[in-house]
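As a starting point, one isolated chain is supplied in structure tokens, in the form predicted on its own.
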């Protein structure tokens, strides 16, 4: 099996320093690179805080925490940061023009052996790979936030990624204690966002069309669909700026995936970004994480078949187009979105024929993007 010993992480933000930490915890030598010493200092303070928490919980000894911390070397100079790197993980902001500049600079200094991985959650891997001189050794490596806690990593080959790179990166993900899911095609939204992002917008349309409250929809999503929280609550927790960015990227690549509801853009324009700004779909007090009061009684007032149907249809498309297996889909939604019940098992409870009929009804009313996928039409329970 291919092996990696030295990692370079570009970008020391929440994803970058988190990836650096989990890599160092797995025994890898890590160089964490950013453009400013103050950014690196803040990142290392956060790593130290996180490791100290693990010591407090007796998951690490103080000596182990110090060894892990000293495996991470901060660096400003790009050329020095890339020296002897087996794997480069780019975690700079989700802006293709910025990434274009980063990869142009990286290509000047990276050694022949270095594989490139982007931690993007939305941008096309094949397009980014084409910015480099080694598209066959370029891959998407989508850690979920925060990397220290979230077990899922989506692995996305570009059109030209070779098998050696895929195998090496899959092995790396397992070595750092995460669970990889292979997204076999470089499609908009990959796997988890392909389900999550359209669902946020569909919930916003349902709010208008069905004449119910947000808490009724969210309660039904939690208690009838097996989500860890309501969909509006989950969007607020994720950050509506993140949802809007992912929506824009997905819609620009494939307009059939998602019909953007204007409410999300309006909230972002008003800087109502969700939990982190004190207001999103809901209002929050203080900076600590708050849960919305959702109840089975509220759930009983709303039938979320429309939301189940859209989610199942997008999931069906992933399977029928050989983007992922059903097993990997279930794993991705369980680990990435916290689903307590596999999506198709939930759909079965609503009746697959009812789901298909609902989609046909919506297609007639709202357009062909709701047409039921062949996988649903031919679905056999179990």
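Positions refer to the first chain, counted from 1. Treat the numbers as computed from the prediction; the structure is a model and nothing was measured.
The same protein also exists as the form predicted together with 3-hydroxybutanoyl-coenzyme A; that form is not shown, yet it is the one meant from here on.
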property: Among 139-147, 167-175, 266-274, 79-87, the region lying within 4.5 Å of 3-hydroxybutanoyl-coenzyme A in the model of the complex by heavy atom distance; result: 139-147
property: Every residue of 23, 30 and 159 near 3-hydroxybutanoyl-coenzyme A in the model of the complex, heavy atom within 4.5 Å; result: no
property: 4.5 Å heavy atom contact, residue 131 and 3-hydroxybutanoyl-coenzyme A in the model of the complex; result: no
property: Residue 53: touches 3-hydroxybutanoyl-coenzyme A in the model of the complex, heavy atom cutoff 4.5 angstroms; result: yes
property: Close approach of residue 234 to 3-hydroxybutanoyl-coenzyme A in the model of the complex, 4.5 Å, heavy atom; result: yes
property: Exercise: residue 301 in contact with 3-hydroxybutanoyl-coenzyme A in the model of the complex, heavy atom 4.5 Å; result: no
property: Answer option from 337, 352, 319, 60, heavy atom within 4.5 Å of 3-hydroxybutanoyl-coenzyme A in the model of the complex; result: 337
property: Position in contact with 3-hydroxybutanoyl-coenzyme A when the complex is considered in the model of the complex, options 207, 242, 182, 257, heavy atoms within 4.5 Å; result: 242
property: Residues within stretch 173-196 having a non-hydrogen atom within 4.5 Å of 3-hydroxybutanoyl-coenzyme A in the model of the complex; result: 193, 196
